[in-house]
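Just the one chain here, laid out as structure tokens, in the form predicted alone.
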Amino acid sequence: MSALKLRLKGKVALVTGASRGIGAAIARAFAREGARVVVNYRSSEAEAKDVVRSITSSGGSAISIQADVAQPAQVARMFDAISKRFHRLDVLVNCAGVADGSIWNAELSEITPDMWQRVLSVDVVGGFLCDQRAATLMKKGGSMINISSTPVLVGDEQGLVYACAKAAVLTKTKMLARILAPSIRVNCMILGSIETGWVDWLTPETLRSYTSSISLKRLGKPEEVASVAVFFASDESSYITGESIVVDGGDVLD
């Protein structure tokens, strides 16, 4: 019997916003596939260290680095640390994002400029700052992975600020795919309803409504998103760039 092939063996991967939820699941999946993983966090140090501990206790390789991606100086410090330790970066996953139920549920008349600034500074500008730095560390074959959301495809009655930010992420994916080709691939995961902390913002009635509209009749799991991220990070997707995979259980089906 042949040995199990580790799809990310030898690669160095940075996952921003990886202290919990989808980011943590991606970090763990990457480590299982042989990557050396950098677990980025903004303020959840204990949770980030738990993610690292879960990886290293299983024989994987991971470290945690604190940085608020919305702060250019902190992003620079994080990438300097990665360069000093690994001298390279092969995979970047821009998973960091603002999670605030009051912004998601805000009525049109309640949305403020500060809400726009908070979300855009992390989801759009912060991701770009990481892209910019990563491009200087990545060699031929590097992979950048962004995260968008299904409202960019079909709209929604809630989450206007988030949806607009994620639309910018989708456009950035296509732009950078052209700018960074042929050395670096840039792709995007467009996520539907994934079972993370945002579910706590919903009433039971709203949650049932969301679930009933999904063809598979359930929310997705962070581990299912992580499987797609592994595909984009690996050589299995070596001829794919500027593209998006919708991970939504058949919610939009357009």
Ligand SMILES: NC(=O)c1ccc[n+]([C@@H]2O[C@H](COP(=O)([O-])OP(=O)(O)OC[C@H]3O[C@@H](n4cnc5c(N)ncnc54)[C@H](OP(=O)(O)O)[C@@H]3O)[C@@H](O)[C@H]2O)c1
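This is a predicted model, so every value here is computed, not measured. Residues carry their position along the shown sequence, with the first being 1.
The form predicted together with this ligand is left out here; the points below concern that form.
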| query | finding |
| --- | --- |
| Contact test in the predicted complex: residue 193 vs this ligand, heavy atoms, 4.5 Å | yes |
| Contact flag, residue 221 vs this ligand in the predicted complex, heavy atom cut 4.5 Å | no |
| Residue contact check: residue 50 to this ligand in the predicted complex, 4.5 Å heavy atom | no |
| Non-hydrogen atom contact residue 57 with this ligand in the predicted complex at 4.5 angstroms | no |
| Candidate stretches 88-96, 105-113, 133-141, 176-184, one within 4.5 Å of this ligand in the predicted complex by heavy atom | 88-96 |
| Contact set, 127-151 vs this ligand in the predicted complex - heavy atom within 4.5 angstroms | 147, 148, 149 |
